[in-house]
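The chain that follows stands alone, in the form predicted alone, written as structure tokens.
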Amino acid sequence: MAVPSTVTTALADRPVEGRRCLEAGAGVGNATAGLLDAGAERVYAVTNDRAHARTTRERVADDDTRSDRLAVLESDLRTLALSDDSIELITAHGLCNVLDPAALSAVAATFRRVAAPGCHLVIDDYAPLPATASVRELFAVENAAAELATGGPALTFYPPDAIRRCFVGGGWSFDRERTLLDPVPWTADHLSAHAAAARDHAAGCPGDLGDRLATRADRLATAIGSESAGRMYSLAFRLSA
């Protein structure tokens, strides 16, 4: 499988070869494949989404040089059953934007617990969108549906300085920041996925409000089609040896 340039760029200056790695929030396996291709000794790809776990396994299963070094764990990162001080490199590619501040703090505590002395941490995520971005309204509808259904937002776009403060305050030393995408291409597939997420949350809303939110999300995704807006950044940190 091809590894996206955002992943290869984020890992290019990190010592991956021979390391025990944690990919936090495996998604569809892009960063997992990037770590394996860069020579990781072992990658623990963690997700609480069964479909994502299955996709990650399937995408690397046809390559024995990858699959025998991969463990896909279906787990909440906040209660991850990995040993203390056992991981030498942690990546979180597009994870933080789906964590509210309380969840982000809990996940940061997990990272600190499993990190071995000298561990590297790479966090890649999306900066807050500019006020002129049309996709902001779609994401706002998704968040409104999530707030009503679950009591919390579906998406939180953290400025890089906020992520930096969170982890430096937890014992990590800041290493570098780089831009991965500017602007970010929000494709029709991305917008359809966010509209679908909004519909899922809307199903749990009271009365006919959920139907109105679901309809609004679908109409926005169709009207926008696709858009290039915002910035994706990569931050790297290191734990003292």
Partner chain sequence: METRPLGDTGQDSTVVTFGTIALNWLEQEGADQLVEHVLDYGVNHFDVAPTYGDAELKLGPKLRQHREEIFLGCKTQQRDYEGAWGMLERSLDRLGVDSIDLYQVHGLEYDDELDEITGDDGALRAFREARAEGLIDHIGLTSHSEPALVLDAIDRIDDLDSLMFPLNPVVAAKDDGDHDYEAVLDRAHAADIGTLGIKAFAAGSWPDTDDLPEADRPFANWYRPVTAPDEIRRRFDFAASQGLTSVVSVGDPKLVTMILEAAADYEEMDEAAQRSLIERVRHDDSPVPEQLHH
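From a predicted model like this one, the values you see are computed outputs, not experimental measurements. Residue numbers count along the first chain shown, from 1.
This next part talks about the form predicted in complex with the partner chain, which is not shown.
Novice: Could you tell me which stretch in 189 to 197, 38 to 46, 169 to 177, 206 to 214 has residues with non-hydrogen atoms within 4.5 Å of the partner chain in the model of the complex?
Specialist: Stretch 189 to 197 is the one.
Novice: Is the partner chain close enough to 2, 94 and 182 in the model of the complex that each of the three has a heavy atom within 4.5 Å of it?
Specialist: Checked in the model of the complex: all three residues contact the partner chain.
Novice: Please check if residue 30 has a heavy atom lying within 4.5 Å of any heavy atom of the partner chain in the model of the complex.
Specialist: It does: once the partner chain is placed as it appears in the model of the complex, residue 30 has a heavy atom within 4.5 Å of it.
Novice: Verify the contact flag for residue 232: yes if a non-hydrogen atom of it lies within 4.5 Å of a non-hydrogen atom of the partner chain in the model of the complex, no if not.
Specialist: The answer is yes: residue 232 has a heavy atom within 4.5 Å of the partner chain.
Novice: Is there any non-hydrogen atom of residue 222 lying within 4.5 Å of the partner chain in the model of the complex?
Specialist: Result no; residue 222 lies far from the partner chain in the model of the complex.
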